[in-house]
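Let's start with one chain on its own, the form predicted alone, as structure tokens.
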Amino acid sequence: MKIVKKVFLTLLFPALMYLVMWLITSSDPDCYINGKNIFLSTDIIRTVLQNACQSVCVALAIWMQLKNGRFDFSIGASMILTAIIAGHIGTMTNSPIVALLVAVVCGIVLCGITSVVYMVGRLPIVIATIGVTLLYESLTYLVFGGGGIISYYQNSHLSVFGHLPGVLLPTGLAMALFLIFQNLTVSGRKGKILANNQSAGVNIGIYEQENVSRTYLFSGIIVGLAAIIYVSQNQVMPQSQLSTAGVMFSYIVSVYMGMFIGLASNNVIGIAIAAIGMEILKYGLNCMNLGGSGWQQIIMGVFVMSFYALSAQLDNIKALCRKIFKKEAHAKA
């Protein structure tokens, strides 16, 4: 029964999201083509899964640093720069496998540089990663002529890791690596202490520099996997003025919602389920022609804020419900 309860609570969010969007789109005439609701088409499975895979990889890279007490602003810049480099080399060699390997190596190198700047500079993590972000963004205007990478995702042979079933490979690897780091490495277990109180963790003997280097190694691999999906689904242009932070923050919703959903299972499953639920919401908004407008951002913002407020008051809501049920029981008695 405990397993059934956990499965039910884990799948509740995407199921409710699908039900709500189905009811809304059913009452919107713009969502019908030839008398059929386009939200109910089989295309929703392909679109939601493909986009959710990208969200999962980026969210795991963000969460790996967050759970170790570090908020890294440079993850978005690392992914964009990695995507440009891997996309061009993949195009030159006409090999998606080469592009994948280059993306992983590039992700490790860039995240390694970030860790060195943080450890050697002895700067607060936010300041260090903002500086690294500006550096990586400037490099997007220098590598391969500064033109980004445009045609990679349009090549069906090269963009195999951006579409089903190929997209499941980098996503599965990212999830497996996160689980290995979290449960099977000493750094992963010590990271829980650093996340709760970094100063106390260092004072009791946890060697933070060792934790940082190993965490960024795993994070770099996941960033590389996220980059190959990103370049396989989008054209990637040079970035500036911390615009890559916006790219990163567009995926951060899955992190915080996944932390809450993951209470019924674990963080990886929670992030994956949260990503699927949010992509169902986005797909429904696209069906209503709200996907490319400011309304999508408003609706998403209101929804996320409401979700956080509800989850923060969950204990109070439970206590109130218990009081109401007790009063009803006494009244019947």
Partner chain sequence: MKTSKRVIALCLTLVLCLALAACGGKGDGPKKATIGVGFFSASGNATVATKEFLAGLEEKLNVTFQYTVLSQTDEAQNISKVQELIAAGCDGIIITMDMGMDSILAECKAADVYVAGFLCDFDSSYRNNYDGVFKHPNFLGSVADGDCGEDVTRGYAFFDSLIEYNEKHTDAPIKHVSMCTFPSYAFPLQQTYVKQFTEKLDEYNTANPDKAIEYDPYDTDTDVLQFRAMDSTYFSKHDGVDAIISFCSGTMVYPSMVSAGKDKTIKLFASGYGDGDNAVFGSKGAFQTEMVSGVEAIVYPLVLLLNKINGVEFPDQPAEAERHSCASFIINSDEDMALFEKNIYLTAKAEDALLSADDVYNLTAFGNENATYADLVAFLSHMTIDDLK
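Residue numbers count along the first chain shown, from 1. The model shown is predicted, which means the values in this text are computed figures rather than measured ones.
Unshown form predicted together with its partner chain; subsequent notes refer to it.
Among residues of the shown chain, Ile150 is one whose heavy atoms approach its partner chain to within 4.5 Å in the model of the complex. For Val268, no non-hydrogen atom is located within 4.5 Å of its partner chain in the model of the complex, even though that partner is not displayed.
In the model of the complex, no heavy atom of Ser26 sits within 4.5 Å of its partner chain. Using a 4.5 angstroms threshold between heavy atoms, Ile276 stays clear of its partner chain in the model of the complex. Highlighted residues Gln65, Phe218 and Ile222: none comes within 4.5 Å of its partner chain in the model of the complex, counting any heavy atom.
Contact with its partner chain in the model of the complex, judged as any non-hydrogen atom within 4.5 angstroms, is confined among 156-164, 256-264, 78-86, 210-218 to 156-164. Contact annotation for 80-101: no residue has a non-hydrogen atom within 4.5 angstroms of its partner chain in the model of the complex.
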